[in-house]
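First comes one chain, alone, set out as structure tokens in the form predicted on its own.
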């Protein structure tokens, strides 16, 4: 097969190719007037116009160049004679690489529901919306690695199979090689996991953080970027059973260093996409405006997609304590008028509606809330000190809040004091015997350290403006769904 030129390369640097013969391959997005083919090969958002002479070419062959057939075109790249494109290919030869019956093809050239698209996830990346989403997803992943590499972090692969529950929530998928129809039993009738592959009960990981702390206390600065799993029976637009997490962990950092890292990291990712994928963002921006044009004003997004991204990168993130956040919310008009669905009380977690009020209404900028009540946070978060150095009621935890979506990052300074950590684990019924190695990190050369977790799909959802997190991962895993 002769060498092809990607459509992105042609549209980006067409002046050097004008007047030359080029070979392009891709899928037919449209074929109008028996003369103009809109061709797309996935390399960019924009199509390349191919001009064919229906009378001089094989009519039977051209009829096969139907919607989403795959074709190869050899022709001359010329300046376009029509509006809408700078260049076009005057076809000399057209070859059908893969036919597509236009009547049977599920993705018809018309508006389709997101649920329909998920049911046909093997084709949805071919649409403009999803091709844009997945190009941006790639860009965010690349930017993550580039940011940490350029800042001296070491990429660490933490285990997918683990014997510990990092979050203590118990919502984990079990991993076993035992015969589930007749598993071995102990004398008291329990499953005997000592006979299992690993000699103990194991699960799919919910976080690589605990293992990343091992790396940070040896290499100084590490990060993980891998799949994580939650067996939470939730069908909301914000939850997946399988998703990807980015978790940096840094020795000698406190909560304030952690917040500074989170802000710089978020701005870097968003700026990279703004600079690198303007066409995809512009398409998604227009898509959102089209979806919302008939909605009442109070149901529309407060800003367009690109404006929302600029809102994040152009503003310094506001930093407040949890106590200050509660006081602001309780003094707000929505609270006094009973507009909030969930109560605002010290000791209860902030809900998305509270977080969005702080970002979109009160401060009108991204917000980082720190020092949450100890009772609603994980065992590994450092207890803040009150009078005379005595651990108090809050922990050095922080959440980064964005417009439209609420929390995007959760992190903390980790508890490095061995005795305090032992007591905290006991209070929260976290079995210390399973995490003996985690405690030993505090006994032998322990150090202050901090880190955070960023849900990759949550960030991609924010950057693309998609309404459901299932639409920013190629093959979503949710309750009752493990198709493809």
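Numbering follows the first chain given and starts at 1. Fair warning: this is a prediction, and the values are worked out from it, not measured in the lab.
Below, we refer to the form predicted together with a small molecule, which is not included among the displayed structures.
**Prompt:** Can you pick the stretch from 407 to 415, 302 to 310, 339 to 347, 139 to 147 whose heavy atoms fall within 4.5 Å of the small molecule in the model of the complex?
**Reply:** Contact-bearing stretch, as computed: 407 to 415.
**Message:** Under a 4.5 Å heavy atom criterion, is residue 394 part of the interface with the small molecule in the model of the complex?
**Reply:** No - in the model of the complex, heavy atoms of residue 394 and the small molecule never come within 4.5 Å of each other.
**Request:** Classify residue 247 as contacting or not contacting the small molecule in the model of the complex by the rule of any non-hydrogen atom within 4.5 angstroms, answering yes or no.
**Result:** Result yes; residue 247 sits at the interface with the small molecule in the model of the complex.
**Asked** Is there a heavy atom of residue 473 no more than 4.5 Å from a heavy atom of the small molecule in the model of the complex?
**Response** Heavy-atom contact with the small molecule at 4.5 Å: absent for residue 473.
**Request:** Would you check, heavy atoms only and a 4.5 Å threshold, whether residue 239 touches the small molecule in the model of the complex?
**Result:** Residue-level check for residue 239: yes, a contact with the small molecule.
**Residue among 243, 379, 105, 317 with a heavy atom within 4.5 Å of the small molecule in the model of the complex** = Of the candidates 243, 379, 105, 317, 243 is the one lying within 4.5 Å of the small molecule in the model of the complex.
**Asked** Using a 4.5 Å cut on heavy atoms, which of 384, 164, 207, 112 is close to the small molecule in the model of the complex?
**Response** Checked against the cut-off, the match is 207.
**Item:** Non-hydrogen atom within 4.5 angstroms of the small molecule in the model of the complex for each of 232, 452 and 455
**Value:** Every residue of the spot touches the small molecule in the model of the complex.
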